[in-house]
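Only one chain is included here, represented as structure tokens and corresponding to the form predicted alone.
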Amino acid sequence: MADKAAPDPSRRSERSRRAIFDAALALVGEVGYDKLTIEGIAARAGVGKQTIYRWWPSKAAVLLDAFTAGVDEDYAKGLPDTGDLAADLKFVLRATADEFNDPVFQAPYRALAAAGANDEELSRAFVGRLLEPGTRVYVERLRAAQEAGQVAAGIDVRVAVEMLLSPFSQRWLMRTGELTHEYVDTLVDQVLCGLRPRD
């Protein structure tokens, strides 16, 4: 009889890691960040809590890794460039609004944002892993539009991106209004009014 192949520790570790991520994201939606615990994540994932502590120092670190898993691949695609800047921005921000309105997405994002307000290290990690790469793809798209003559030459595209994304984030975080496709379209149109070259 042929010997059975030895278990692959890397595959087992990856399965455990994925189970931990899934558990953390599910639990934060069910119980909230304050009641989220390493013990609860371990129980839901079917692993020992020492397995989690071997990889992460805190529940915030677990949640951050779980929430940002795969974002590098998403950002590597960049924003669409059809030649119509307004249409491209509306397309992406409509999809983003849909995502932000999804309770599965909302719970971990709000938890990390709230926790980061009182934890500078977590906030810096959140910005570095999620917000800054996301901002960069918008900067690259606006810079391409600037080079194509669709955005005025003197515009600071980084500030322009902040003019676009900050009201979106503020409305969602502070719940000052609904994130709708109509709102997104208006936001894009009004921001672009100030960016276009003057005749």
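All residue numbers are counted from 1 along the displayed sequence. Everything numeric here is computed off the predicted structure, so don't read it as measured data. In this text, rigid core is short for the largest set of C-alphas that superpose within 1.5 Å between two forms.
FYI, the form predicted in complex with another copy of the chain isn't displayed, but the following is about it.
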Exercise. Looking at Ala95, Val71, Val127, Leu79, which is the one with a non-hydrogen atom within 4.5 Å of another copy of the chain in the model of the complex?
Worked result: Val127
Exercise. Is there a non-hydrogen atom of Pro167 within 4.5 angstroms of a non-hydrogen atom of another copy of the chain in the model of the complex?
Worked result: yes
Problem set entry | in the model of the complex, Ala160 touching another copy of the chain (heavy atom, 4.5 Å) | yes
For this session: With heavy atoms only and a cut-off of 4.5 Å, decide whether Val104 touches another copy of the chain in the model of the complex.
Result: no
Exercise. Can any non-hydrogen atom of Met174 be found within 4.5 angstroms of another copy of the chain in the model of the complex?
Worked result: yes
For this session: Any residue of 175-194 with a heavy atom within 4.5 Å of another copy of the chain in the model of the complex counts; write them all down in order.
Result: Arg175, Thr176, Tyr183, Thr186, Leu187, Gln190, Val191, Cys193, Gly194
Problem set entry | Is_shifted Ala145 between this form and the one not shown (CA, 2 Å cut-off, rigid core) | no
Exercise. Is it true that Leu173 shifts between this form and the one not shown by 2 Å or more at the Cα, once the core is aligned?
Worked result: no
